[in-house]
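There is one chain below, alone, in C-alpha cells, taken in the form predicted on its own.
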C-alpha cells in the first residue's frame, strides 16, 4: 500500500538534487557558443522580457490554431482524421499554449499523427520551457540583477539542455517498457471470440515522455495513463509518476544555487514536500482504505477500498498516489478516474490545484510559491514588528499589490465561472450527476483550467469533437453547451497562465531596483523552521478562506449526504 508512494516521492527527490544543480549550471551563464549568441538578442528589462514572452505565445497560438484547423489536409494521417470543430480548435490551441493540456477531445479518435507530433509534442516542449524561463527571470530579479536575462535564449536552453535530453532518456526507457513508437496506422485484429477490433497506436513513447517531464499532462489516448499502451506495467507506472515530480522539484534546487541561499531553498522544498505528503496520505486513506459510500449495503467485497474507476494493475494505492502527484504539480495526466474518487478523496486533487504551489508546474509552481512567500514575509513582519525583507530587499506596498494580483486572479477565475455555470442551463445540463457531485464536476473543470492542470472529473458534456459533429442537427443542444465550455475554459486558461507569470516578474524587478539592506537583529529570518511554519499557515489560511465554502457545497456535502442516508 505505502511502498509505491514512498518510492515515487523518494526517487523524485533524490534525482532532483543533481538535476537541479545541473540546471543551474546550464541555464544561468552568459551565452558561450555561436548558437546561443544567435538566440541572445541582448539583456532585457522586465517589460522587455514580458513583451517577448507574450509575442512568442501569440505567434505560437496562431501557428497551433492553423495546424489543428488544417490537420485533414496535412500528411501523417494514415487513419484519415477529419477537421475538428472550431471551438474545439480554439480550446485545444489555448490549452496546449498554456501548458494546461485540458482535452475536450480524445487523442486517438480526433488527432492525426501530424497534429500529435507537430502541435501536441511541439507545445509540450516549448510551454514548460517558457515557464522555466519566467522562473529564471524572477530569480534574477530576486537576487538583484539589473536585467532579467533574455527570453528567447532562456527558452532555447530549457528545450535543448533540459527537456530534450530528459525526454530522450525517458522515451527510450518507455519503449523498453513496452510503450509503442510507430508511425503506422491503427491495426484491425480478430479477438478470441472472432470479433473484429480496431487498435489505435502511434508515436506514443515520445509524447508520453515529454507530457510527464514538462508537467504537460494530457494523453495520446483518451484513457490517458490508464491505457495499457501509455502505461503498460508497474515499472512504467513508477517511471511516469516520478517524472511528474522530477523537474518541479529540481527547480527548487536550482533556485537555491542561483540565489546562493541553500537555506532558503531548504525551507521552500520542505514546505512543498509537507503538502505533497499530506495530500498523498489523505488520498490513500480516504479512498483506498475506505469503501465507496455509494455501494454500501450491497453484497460486494470492499475490503480493498473504493476500486470503481481505478487502475487495478498497479495496486490499490496507485490511483490515489498519481492523483496527488499530478495535481500538486500542473501535470494533469491521470491513471484513474478522479470522478470515481470518494468525495473526501476528491478534495486531494482539488486542494492541490487550489493552492497551486506545492512544487506546481515547471517554473510557474515555484513562482506561485514565491508569491505566497512574499505575502507571508509581509504579514509576519507586521505581526512581530520586524522589517519585511526577502533576500536583502524590503518588501513594501508595490510588491504586496503585485503579489496579491497574482494570488487573487486564480480564485476569481475559478469561483466566478463556477457560480455562473451552477445557475445556468449550459452548466447544469452538462453535468453527469445532480446535486453536490455535479457542482464538483463544474468546480473541478474551472479549477483545472485556472491552475493550468488539465485533469478532469469527467462526466461533463464539454466535447463537440469534429466539424461534422458540430454540424449535426441531432446534437445541436449538447453541442451548444459544449461550445460554451470550450470558450469559457479557453479564456480561463489564457488569463490563468499569463497574469500569474507577468505580475511576479514585475514584482521581482521591483525588488531588484532597490538597494540591498544590511542584515540586522531586526531583520526577519526566512530560512528557519519558524518561518517555514508561517509559510504553511499562510498557504492553509489563504486557501481555506478562499475555497472552504465551495468545498463545503461540493465534496464535503456529498460525503455528508452518504453518511446521513
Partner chain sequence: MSTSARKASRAQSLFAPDLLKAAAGRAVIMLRPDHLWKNPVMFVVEVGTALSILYTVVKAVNPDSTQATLGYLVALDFWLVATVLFANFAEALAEARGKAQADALRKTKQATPAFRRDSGGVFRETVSTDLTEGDFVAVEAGQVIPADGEIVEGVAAVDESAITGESAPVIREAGGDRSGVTGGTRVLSDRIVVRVTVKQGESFLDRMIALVEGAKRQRTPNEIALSIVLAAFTLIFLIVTATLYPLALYAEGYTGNVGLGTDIPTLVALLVCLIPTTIGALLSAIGIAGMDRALRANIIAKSGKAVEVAGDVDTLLLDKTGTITMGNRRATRFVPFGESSASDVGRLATLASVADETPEGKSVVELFRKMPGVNLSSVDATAGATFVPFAAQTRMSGIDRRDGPSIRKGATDAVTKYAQAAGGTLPSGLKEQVDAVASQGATPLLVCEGNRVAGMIVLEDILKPNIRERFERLRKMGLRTVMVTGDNPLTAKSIAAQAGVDDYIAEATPEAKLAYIRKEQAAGKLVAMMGDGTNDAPALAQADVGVAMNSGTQAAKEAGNMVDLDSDPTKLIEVVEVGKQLLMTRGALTTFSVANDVAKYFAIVPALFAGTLPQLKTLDFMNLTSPTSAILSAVIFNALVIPCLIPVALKGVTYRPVGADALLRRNLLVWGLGGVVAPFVGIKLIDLILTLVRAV
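Throughout, rigid core stands for the largest set of C-alpha atoms superposing within 1.5 Å between the two forms. These numbers were taken from a predicted model, which means no experiment stands behind them. Residue numbers count along the first chain shown, from 1.
A second form of this protein, the form predicted together with the partner chain, is not displayed here; the remarks below concern that form.
**Request:** Tell me, please, which stretch of 264-272, 405-413, 245-253, 137-145 lies within 4.5 angstroms of the partner chain in the predicted complex when heavy atoms are compared?
**Result:** Answer to the contact question: 405-413.
**Request:** Identify, from the list 436, 465, 86, 461, the residue with a heavy atom within 4.5 Å of the partner chain in the predicted complex.
**Result:** Exactly one listed residue reaches within 4.5 Å, namely 436.
**Request:** Identify, from the list 73, 471, 384, 487, the residue with a heavy atom within 4.5 Å of the partner chain in the predicted complex.
**Result:** Of the listed residues, the single hit is 384.
**Message:** At 4.5 Å between heavy atoms, is residue 354 in contact with the partner chain in the predicted complex?
**Reply:** Flag for residue 354 set to no.
**Asked** Would residue 478 show up as a contact with the partner chain in the predicted complex if we use heavy atoms at 4.5 Å?
**Response** No, residue 478 sits far enough from the partner chain in the predicted complex that none of its heavy atoms falls within 4.5 Å.
**Asked** Is residue 90 a contact residue for the partner chain in the predicted complex, using a 4.5 Å heavy atom cut-off?
**Response** Result no; residue 90 lies far from the partner chain in the predicted complex.
**Asked** Is residue 219 close to the partner chain in the predicted complex, meaning a heavy atom pair under 4.5 Å apart or at it?
**Response** Looking in the predicted complex, residue contacts with the partner chain do not include residue 219, since no heavy atom lies within 4.5 Å.
**Request:** Report whether all of 259, 368 and 371 sit within 4.5 Å of the partner chain in the predicted complex, measuring from non-hydrogen atoms.
**Result:** Per the other structure, none of 259, 368 and 371 touch the partner chain.
**Request:** Heavy atoms within 4.5 Å of the partner chain in the predicted complex is the criterion; list the residues of 373-409 that meet it.
**Result:** If the 4.5 Å heavy-atom criterion is applied to the partner chain in the predicted complex, 373-409 yields 378, 379, 380, 382, 383, 384, 385, 386, 387, 388, 394, 396, 397, 400, 401, 404, 408.
**Request:** Classify residue 552 as shifted (yes) or not shifted (no) between this form and the one not shown, where shifted means its C-alpha moves by 2 Å or more with the rigid core superposed.
**Result:** Comparing forms between this form and the one not shown, the residue 552 CA shifts below 2 Å.
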